[in-house]
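Just the one chain here, laid out as structure tokens, in the form predicted alone.
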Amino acid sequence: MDKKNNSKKNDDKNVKKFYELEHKERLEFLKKEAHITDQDSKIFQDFPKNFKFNKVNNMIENAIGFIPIPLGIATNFVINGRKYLIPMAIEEPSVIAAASKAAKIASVKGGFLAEADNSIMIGQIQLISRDKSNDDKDKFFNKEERDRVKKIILNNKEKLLEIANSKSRSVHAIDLQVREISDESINKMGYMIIIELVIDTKDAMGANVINTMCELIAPELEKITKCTVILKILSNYSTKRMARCKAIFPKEMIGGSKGIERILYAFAFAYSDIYRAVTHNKGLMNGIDGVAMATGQDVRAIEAAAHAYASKDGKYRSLTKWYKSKEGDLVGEIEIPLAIGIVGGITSVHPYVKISLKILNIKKAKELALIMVAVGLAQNFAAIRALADEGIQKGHMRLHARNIAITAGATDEEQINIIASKLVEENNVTVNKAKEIIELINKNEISNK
């Protein structure tokens, strides 16, 4: 029995773990364990010329391939007087076309006026009592003790900032702030002291360097306060790094006073009702996320900050504001936190991201923030205008119908257009209907010309 157990242990030692496998070995493993086919496996072996498996494997763990996302160009954008071609990576039809059309309408009144704050981020260090106990939750951090600890920290501010900046040449911690919070969770752990490093990340998003700075000062904080550090991490709620944009959409191009009135009702709905606001904000984030994906940004961080900001007054609301100008035109405004970067991270290694940034021809992260917030406002205008006018499906379905035609087996461009038109005309945008139309074309019962 012992020999069998020893033999099994030796066999286990000889079995490679997934991360140790070569690319082909990983695919063979998936064939066996996940029942993917040889055809499936071939898809994961197809890499662009300058974007091979090793590059993907260095970006993430346990890589097997990559999922291509369509990359397109939004046109007609004039931002602060400058024309831009804007790369957007998104799988949803109509988004790029809608943003481009909105930008064209806005350009009549000068385009988008945008501004962005400097790249200021916050890193947080959580400090708790060293001798805290479950049966006496405020044993250490009573009011007097909290005041004493905060005073010690602030008296050592310069030294702590010096330690934080000791490993970075370009990014700098410019301030240190202290506040106290009480646990509002079900656990009721008492009070905590939160030390916040205020950091200028320049043209980087800054996550790695912020986390490093927090970790650098943690031992010194424990030493001078005789307390315990728990978390040392950046905050993605980047409210010191706001981006704002405003644009005017002329009334004569959007249905006159009646068209504007309908749009304002649509905005009122989104501002006042959380169920509508979530979908409203998802639409404008289509634009922002599309640019973020194309330029290698942390989309999850951008989304989290935006939606938190939408709830800043205690109720989740629209991230945009819409109103009528004195001249009777429609005015749109947006303000959101945007932590983005054009140096470091994936921007240095991903070939598609590097080309997207080249197309934008920007030199500063702040300029990318201006572009992203303008696209978000354009996307929001396009969405609420469509909703208030013909409904979102009519325009969306025209483009979606092309995808359905291709899915059904159409390959010829002219055939795809005929099928898409028929699908929309009959208000039946389904694969089965598309296949029926292909059969009719093949039987010459519908012209393919």
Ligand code: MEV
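Note that residue numbering begins at 1 and tracks the sequence as displayed. The structure displayed is predicted, hence computed values, not measured ones.
Just so it is clear, the following notes concern the form predicted together with ligand MEV, a form of the same protein that is not shown.
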With the cut-off set at 4.5 Å between non-hydrogen atoms, does residue 366 touch ligand MEV in the model of the complex? no
Determine whether any heavy atom of residue 286 comes within 4.5 Å of a heavy atom of ligand MEV in the model of the complex, and answer yes or no. yes
Check whether residue 272 has any heavy atom within 4.5 Å of a heavy atom of ligand MEV in the model of the complex, and answer yes or no. no
Evaluate residue 92 for contact with ligand MEV in the model of the complex, applying a 4.5 angstroms cut-off between non-hydrogen atoms, and reply yes or no. yes
From the list 240, 307, 244, 276, which entry has a heavy atom within 4.5 Å of ligand MEV in the model of the complex? 276
Would you mind picking the one in 258, 282, 148, 223 that has a heavy atom within 4.5 Å of ligand MEV in the model of the complex? 282
Among the candidate stretches 412-420, 36-44, 49-57, 380-388, which one is within 4.5 Å of ligand MEV in the model of the complex when only heavy atoms are counted? 380-388
